[in-house]
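In the form predicted on its own, a lone chain appears below as structure tokens.
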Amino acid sequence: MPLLEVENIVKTFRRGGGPEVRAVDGVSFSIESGETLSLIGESGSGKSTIGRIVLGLEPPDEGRILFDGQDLTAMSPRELRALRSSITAVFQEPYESLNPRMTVEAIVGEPLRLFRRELSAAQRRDRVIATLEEVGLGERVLRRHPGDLSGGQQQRVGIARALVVDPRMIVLDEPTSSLDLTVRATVLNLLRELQERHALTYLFISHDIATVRYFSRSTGVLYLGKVMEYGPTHELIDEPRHPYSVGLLSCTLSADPDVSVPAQRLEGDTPSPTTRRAGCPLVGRCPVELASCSAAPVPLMPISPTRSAACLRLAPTEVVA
């Protein structure tokens, strides 16, 4: 059984009296225990909203979130609180996610104060020190404030805060995008080491294709709140099948001069998220669309033993007919 199962979640926002924005539109995926699933897509595709829904920071309008077989969307606030320490997060901007007035000891120890109330103050401090050692910082930063640390050190504090309560899963929302390249590599290596050591499950949200290729086993491609393609990361990046995946990956450059990326342009601009379409959200931009693409929603369908895509061009003949 997968550790996390997301089933057909929908999330709509409305600001004031303006039109509705469907940020997440029927998304489903699962993650096996100890594995990493990446979500990629351009800004506004719904990646971070999905992460917030999985964390319980936003309730879905429709659908279910199953964690270790338990339906999080059907739980009371008290029941959710009991599971809160099982799913933690590391956020994009380390400094913005840390209280500048708190010391590192207080920041990393706060989850223990909330979720491990049986621990004494001395036990909490020992646990904080041990966790800081594990992320490469140690006791020397206990009394420091976030502003006294470098960006890489701040993110290590964020990782320690997520790790200190022994979670089973961590949502990583662009955890290295604000870091220098050399620091980014060390943080990614640290996250992989921690995953192996603690059998952690990761939901990795990113726009960095090279990082996703290095870091995750499976990947879902999002566009306007929908999953366009899903499959093993290396297969999907090396041979994208959905027209949107091909177009998205055409915008990336390989570090290897002998490796070329598929060239396929998507015409026009991304439509407004307030525009509701009856069919595929890529209609009007897709270079290979069919007349039937605009008639009805296109579900995510198997296109190989390991891959799925929401595209009628790739669907079995009986589906297209």
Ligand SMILES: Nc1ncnc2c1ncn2[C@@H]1O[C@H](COP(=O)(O)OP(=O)(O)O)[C@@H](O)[C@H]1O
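From 1 onward, residues are counted along the sequence shown. Not measured: the values here are computed from a predicted model.
What comes next is about the form predicted together with this ligand, which is not displayed.
Proximity of residue 42 to this ligand in the model of the complex falls within the 4.5 Å heavy atom cutoff. The shortest heavy atom separation between residue 33 and this ligand in the model of the complex exceeds 4.5 Å. When this ligand is considered in the model of the complex, residue 56 lies well away from it, no heavy atom lying within 4.5 Å. Looking at residue 38, you'd find every heavy atom of it more than 4.5 angstroms from this ligand in the model of the complex. Contacts between 185-223 and this ligand, taken as any heavy atom within 4.5 Å in the model of the complex, involve no residue at all.
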